[in-house]
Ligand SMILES: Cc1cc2nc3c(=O)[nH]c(=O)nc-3n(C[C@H](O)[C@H](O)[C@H](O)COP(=O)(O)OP(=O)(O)OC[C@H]3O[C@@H](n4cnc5c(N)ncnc54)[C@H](O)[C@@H]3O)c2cc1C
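There is one chain below, alone, in structure tokens, taken in the form predicted alone.
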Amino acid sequence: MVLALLLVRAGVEVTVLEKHGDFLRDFRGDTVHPSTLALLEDIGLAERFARLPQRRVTSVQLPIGPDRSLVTVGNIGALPGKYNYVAMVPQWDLLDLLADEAAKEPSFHLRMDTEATSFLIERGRVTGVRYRTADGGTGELRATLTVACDGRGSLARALPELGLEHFPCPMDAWWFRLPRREGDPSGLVGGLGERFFTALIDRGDYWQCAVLIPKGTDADRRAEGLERFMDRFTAAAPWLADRAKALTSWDDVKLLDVRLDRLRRWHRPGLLCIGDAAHAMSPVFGIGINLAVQDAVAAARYLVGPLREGAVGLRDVRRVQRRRRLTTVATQGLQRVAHTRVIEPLLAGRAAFGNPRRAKRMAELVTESRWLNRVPAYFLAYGALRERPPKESLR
């Protein structure tokens, strides 16, 4: 949707296919980081976005050391500039805002209840897609360029020439909600339990809770019973013990099969992959959606000229991958380090970094140093590389 908005403002004809009838789904990537907030200001949507219901997170706290006391390891609020927070905004509200703004342009077309089912390929070039509508209708849509923004289940990932590369993940994730009360901690709060790690996101009147469990243990853990799980959970976050009965059914606990992978090639003639379609991210650091947005901004900047001319060559789509690949590799590299040095040991019942006191001392050094404290905060806020939208898309 970001890519579509930037392109239609520059006069490019764009059609977005959305297989659902609306955007009202329980997204979990509801974090809008400073990189995306700055983009919204660049394109004149900051005021409209600020009016959306939201919660602002300015710090990341983790339980570190033998006593598992909470230590602030990322103080986003200490960063200079206007956007020194992460906005927690329902993703459907953000999508509605972008779609509404794009609809002001005559070259924007949004087809709801329409799912792309396969690619049209002619003489080795992707020339569009076949689609199916909710009422069973089918059709074809031809395009100068097809952009796969359809996530880690993308049609493009079945193309063998793109070369999907997988990396091991030690965990899966459970997601659920618990009530939030006055006196609770604020921001993004971590907790350690019996072979699981919790991340609690402050959403104002409730906590969006993520629990990382060892990979492939979902069925076994559910078989132990919900009461046993909540006992473990409240041992990790004792200040939530008074809400242990709020979760009444496993139906309220959703499983995320965590993956970390990327395509070796994000393109072929007539096709470009961005976001999770090109690189599925771990939930570590919670930056997947913001990397995808930055992919979209870079793609718009490199492709607006060729698209306005009506001819996009292989060189054009290659430039997008070259621009974004290093950021992707670096981010996934840090996520892999977090998997092996922090999450995997914790899920196996061992200390992160091999020694709890050493881990706490490292965290204290980060906390006590004005500059070291800004490094994880800046990475969380902006990632490794910030993109600027094309001048043709500015308002």
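Note that the structure is predicted; figures quoted are calculated from it, not measured. Just count from 1 along the sequence shown to find any residue number.
The next section is about a form of this same protein that is not shown, the form predicted together with this ligand.
### Message
Residue-level contact is defined here as any heavy atom of the residue lying within 4.5 Å of this ligand in the model of the complex; does residue 31 satisfy this criterion?
### Response
Yes - in the model of the complex, heavy atoms of residue 31 and this ligand come within 4.5 Å of each other.
### Query
Can you check whether residue 150 is within 4.5 Å of this ligand in the model of the complex, heavy atom basis?
Yes, residue 150 sits close enough to this ligand in the model of the complex that at least one of its heavy atoms falls within 4.5 Å.
### Query
Does residue 108 make contact with this ligand in the model of the complex, using a 4.5 Å heavy atom cut-off?
Contact with this ligand, no.
### Message
Is residue 286 part of the interface with this ligand in the model of the complex - any heavy atom within 4.5 Å?
### Response
Yes - in the model of the complex, heavy atoms of residue 286 and this ligand come within 4.5 Å of each other.
### Query
Pick from 143, 173, 230, 237: which has a non-hydrogen atom within 4.5 Å of this ligand in the model of the complex?
Going through each option in turn, the one that passes is 173.
### Message
Exactly one residue in 97, 209, 292, 312 has a non-hydrogen atom within 4.5 Å of this ligand in the model of the complex; which is it?
### Response
That would be 292.
### Query
Out of the stretches listed (99-107, 173-181, 321-329, 237-245), which one is close to this ligand in the model of the complex, meaning heavy atoms within 4.5 Å?
Careful reading of the contacts points to 173-181.
### Query
Can all three of 164, 261 and 316 be found with a heavy atom no more than 4.5 Å from this ligand in the model of the complex?
Contact check failed for every one of 164, 261 and 316.
### Task
Can you tell me which bits of 102-123 touch this ligand in the model of the complex, meaning any heavy atom within 4.5 Å?
114, 115, 116, in sequence order.
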